[in-house]
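Below you'll find only one chain, the form predicted alone, shown as structure tokens.
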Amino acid sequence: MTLEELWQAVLAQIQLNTSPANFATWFAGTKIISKENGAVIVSVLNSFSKEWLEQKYHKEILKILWALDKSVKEVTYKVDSVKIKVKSIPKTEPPDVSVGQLGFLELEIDKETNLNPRYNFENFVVGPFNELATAAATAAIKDPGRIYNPLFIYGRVGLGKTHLLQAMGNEASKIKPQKKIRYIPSEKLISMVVNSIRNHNIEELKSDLRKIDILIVDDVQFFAGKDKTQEEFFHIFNTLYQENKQIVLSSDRSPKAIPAITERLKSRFEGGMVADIGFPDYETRLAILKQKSQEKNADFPVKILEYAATNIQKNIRELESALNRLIVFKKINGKIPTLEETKKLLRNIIVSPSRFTNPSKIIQVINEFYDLDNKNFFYSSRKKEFARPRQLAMYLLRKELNLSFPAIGRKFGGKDHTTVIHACHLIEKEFQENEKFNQEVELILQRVYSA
């Protein structure tokens, strides 16, 4: 067995027990560079990966290597002297850059497509919170207009919707260069409609938009209350759809939850694939910080990034803002901040943990409240005494933690995301019809958030 084959065998086993985000983050670019006298040296891309593998994966790697080759006695990790290159990211930053400026360094926006090349799939971290939306986005771009049309992606502010939409556009421009692509924020589209009406050339605008092969509109919740924009967009949508042109939309909420939108437009939004983006889990948050660190040529100890990933739970933009503060501190002071200095730097970003919980706590409290054990709780029985608590757990994981439907399904024996959606709808219906049930849930939440 060659060194390459040996390492690939190790990676194959590690991948079985590691999330895609974690595996891609920590093991990308690794390889065995030598094996002499029972000592194996693994090459890694940077000191951050080296520290992480030593602390978190060393025992597992050594165990797997020994099982494959009984001569292996020890493993060490060495940083590859060749720097990795991150596509579409500037490698230098202007001197004396401020925290605010640092977060918005961008390459020139393409005037034809309105796309920013810094948003691509290469630097987009995929985790349980966004995997359904990412899979749908990838499939839609491979065969635009044929499947998942329209594609409607929704999630709260700061969770990467704009990055994903623009990555779709940039990817499409590479693999489908003959296609006419346009990314338009909803506010811009509203302004375009208003100006066209004022200048009496609305038909010209509609004609231009109808020539687009892939139309990407961000934040369509801002269409609410804009009756004329909704009317014109309805007709543009119909024309593009009938001609098998790909339509991609995003919002901070599901189509049903957008207020002051006509029913016919909501119906169009829901006519294809609707995918949600939830809150990133801890592993994914850490992977995002590591990815951003590489992009900015910044290297911080694991404990520093772990602290940020642990305490900033619901917003990817805030994660990047936290990293920017650390980078500025390093530039100004010529040193990496200590953990105590990090806490001071990030105290205005970190939200009080008083209302934080986790999936295990919610499931535990529901088990105790209904006097169930784990075996009965996860058992796929349709008996009401088992089914309703299980459905409530799914609902609370969604409502309180904003986990994605696929991520919730995996926690319940790999159930399909449609099962989770159905469970949430049943619980919402129960709320409307059963006051006693409302009281039960309130008691459960009190226990979940109690000390």
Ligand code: ADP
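Bear in mind that the values here come from a model prediction, so they are computed numbers and not experimental data. Numbers for residues come from their place in the sequence shown, where the first is 1.
Beyond the structure shown, there is the form predicted together with the ligand, which is absent from this document and is the topic of what follows.
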**OP:** Counting only non-hydrogen atoms, choose the one of 239-247, 309-317, 135-143, 266-274 that falls within 4.5 Å of the ligand in the predicted bound form.
**Re:** 309-317
**OP:** Check each of Val125, Ile304, Val193, Leu151 and return the one that places a heavy atom within 4.5 angstroms of the ligand in the predicted bound form.
**Re:** Val125
**OP:** Using heavy atoms only and a 4.5 Å cut-off, determine which of Ile147, Val157, Ala257, Ile332 is in contact with the ligand in the predicted bound form.
**Re:** Val157
Original post:
Should His163 be counted as a contact of the ligand in the predicted bound form, where contact means heavy atoms within 4.5 Å?
Top reply: yes
Subject >> Contact label in the predicted bound form: Arg118 to the ligand, heavy atom within 4.5 Å >> reply: yes
Original post:
Could you tell me if Val75 has a non-hydrogen atom within 4.5 Å of the ligand in the predicted bound form?
Top reply: no
Original post:
Closest heavy atom of Lys292 to the ligand in the predicted bound form, within 4.5 Å or not?
Top reply: yes
